[in-house]
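The chain below stands alone and is given in structure tokens; this is the form predicted alone.
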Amino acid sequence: MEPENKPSPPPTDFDQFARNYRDVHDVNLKPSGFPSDYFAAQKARILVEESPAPDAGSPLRLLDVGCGTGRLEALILAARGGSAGIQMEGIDVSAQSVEEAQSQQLPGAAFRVYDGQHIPFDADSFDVIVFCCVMHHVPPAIREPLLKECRRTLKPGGGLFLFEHNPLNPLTQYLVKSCPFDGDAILLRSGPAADLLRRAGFRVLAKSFINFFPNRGVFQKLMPLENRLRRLPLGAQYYLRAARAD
């Protein structure tokens, strides 16, 4: 039984942005020509399309590490057309962000605060684990242990998705440096990210680069080409899809 006077977690930098996160992010992303929801919805679609199938007769269990205010969960529900067949857990070090996520009362989704290092779930709990542009906020010394915790809680045959900013893209570098909540960001390139996953006990199944062109001027006409460029390491972001190396 937990003590009645459980101490509150220490505040984080993201606590101060919890109630206006999307507004701040939208302003920061103006040079891209896209609102923040464009990128979050893109990741939700990728997860819906590429996640491994759950065990027969069981819902898909998804863990969002660094869930923030729960926007990804809301967009996954929209992409799937509802909460049938999915259970989502979101964890974050920002208590204020988790409070905002909980206030949405999303069906099939639950949110909790964690310590940033230990995944508060049993082994073999999840079909999918996702880091949605979160790893650059995780101190380098903690990244591998945290991924090993993810491996512990991922089911055999489950998948891990690591979405990240690509430091090789000049617009990405500018947006990260000008973002009010990216002051602690340490970006990692796709190669070292893949090596990090392998050291933590994962097999990297696929690497894709996304978001090559801003939604402005002549670049808008080039956007239909993006799916053909996924192997070119110049997109503003990338994602790695991995599985447990059993």
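It should be emphasised that the depicted structure is a prediction, and the values quoted were computed from it without experimental measurement. The first residue of the sequence shown is number 1, and the count goes up from there.
This next part talks about the form predicted in complex with a small molecule, which is not shown.
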*asked:* Can you tell me if Val113 lies within 4.5 angstroms of the small molecule in the model of the complex, counting non-hydrogen atoms only?
replied: no
*asked:* Against the small molecule in the model of the complex, would Val65 count as a contact residue? Criterion: heavy atoms within 4.5 Å.
replied: yes
_Can you work out whether Ala79 and the small molecule are in contact in the model of the complex, taking contact to mean some heavy atom pair no more than 4.5 Å apart?_
no
*Does any heavy atom of Ser94 come within 4.5 Å of a heavy atom of the small molecule in the model of the complex?*
yes
*Among Leu147, Cys133, Ala109, Leu154, which has at least one heavy atom within 4.5 Å of the small molecule in the model of the complex?*
Cys133
_Heavy atom of each of Arg71, Val138 and Phe181 within 4.5 Å of the small molecule in the model of the complex_ = yes
*Can you pick the stretch from 114-122, 101-109, 80-88, 166-174 whose heavy atoms fall within 4.5 Å of the small molecule in the model of the complex?*
114-122
